[in-house]
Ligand code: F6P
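Next comes just one chain, in structure tokens: the form predicted alone.
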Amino acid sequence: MKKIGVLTGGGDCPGLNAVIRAVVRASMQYDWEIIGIKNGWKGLIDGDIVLLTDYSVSGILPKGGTIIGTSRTNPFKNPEGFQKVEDNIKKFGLDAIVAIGGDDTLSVALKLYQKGIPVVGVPKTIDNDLSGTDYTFGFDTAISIVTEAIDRLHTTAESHHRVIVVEVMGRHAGWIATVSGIAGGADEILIPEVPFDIEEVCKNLRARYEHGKKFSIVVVAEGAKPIGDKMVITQNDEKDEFGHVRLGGIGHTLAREIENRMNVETRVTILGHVQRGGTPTAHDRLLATRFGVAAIELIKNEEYGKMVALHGDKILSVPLEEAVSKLKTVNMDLYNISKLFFGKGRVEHKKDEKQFSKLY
């Protein structure tokens, strides 16, 4: 009987429990034992594990978060960390590990594989910025939550004739801002991939006001920055074990600039962790389930050092090295679609309406 360890690392994400459930259920056909490694890689350092059974995963499919906990722990931060991981793998008799996470978690998985430890990866991030897969689970839930928030903010923005700035997650890639911004009808979308010109932003917003639209919604990713500014705005200088600072604050800076330049009341809504919490969508439940089953098949076939991935409608596998080699940034064709709905395009449409009304 094989013993398979499963862990969830990095930020929590809707759909994690669906993967865990699928891993357990898919393993049952081979009579394998599934060991839950608590709190990400930290569990392998501390030796904190739990047996996962059919009973323990019953009913977790629709639940957000992760029943085995998570953390941003890097076992390679010091030599002792890796040694403890290696010792505990032997102690618990683990034949393979399913690592569910984003770039940081899977970078650790790759290093472990390169040191001879059997590992397979499952891509998880609400940011959708992991290479090698068309989509990561959690992303669909996040954009659904943000789109609903934008819909709700539209009514209060219109009622009070305000500009409302909505700050969303997106450290280096603006997938959430772009997709939810288009779906929610945002009037400006600012992302890390394209440094913004505050004057151009205000010009587009003024055009709306001049043509009768007395409110605007601006969606900005937390990692967005103005042209010429090399540094993103952070909450503090503290870094996690992977060297990341905590971003946040661009929304307030942007709102202050818009209000000062346009003399229009401007408010900020920072959605924060609301985006990654709660019940996963049907899409994410299905994708997460397919990923979990595929991960077990990789182990069965001894295809280690790989990550399951969505390519079109098919679940395939790619080398972990490919998955973490580069960031998957926003498709500019998609972002350019959003620009059609900014101030300039709407002004031209208004001119066409006036010309039409003169003719008839």
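The numbering used is simple: start at 1 and walk along the sequence shown. Note that the coordinates shown come from a computational prediction; the quantities given were computed from them, not determined experimentally.
Keep in mind the form predicted together with the named molecule is missing from the figure; the text below concerns it.
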Answer with yes or no whether Thr125 is in contact with the named molecule in the model of the complex, where contact means some heavy atom within 4.5 Å. yes
Check: Counting only non-hydrogen atoms and a 4.5 angstroms cut-off, does Arg171 reach the named molecule in the model of the complex?
Finding: yes
query: Taking heavy atoms and a 4.5 Å cut-off, does His273 contact the named molecule in the model of the complex?
result: yes
Practice prompt. May I ask you to check whether Glu222 falls inside a 4.5 Å heavy atom distance of the named molecule in the model of the complex?
Written response: yes
Heavy atom within 4.5 Å of the named molecule in the model of the complex, from candidates Arg72, Arg162, Arg208, His154, belongs to Arg72
Testing 130 to 138, 273 to 281, 111 to 119, 179 to 187 against the named molecule in the model of the complex with a 4.5 Å heavy atom criterion leaves exactly one stretch, namely 273 to 281
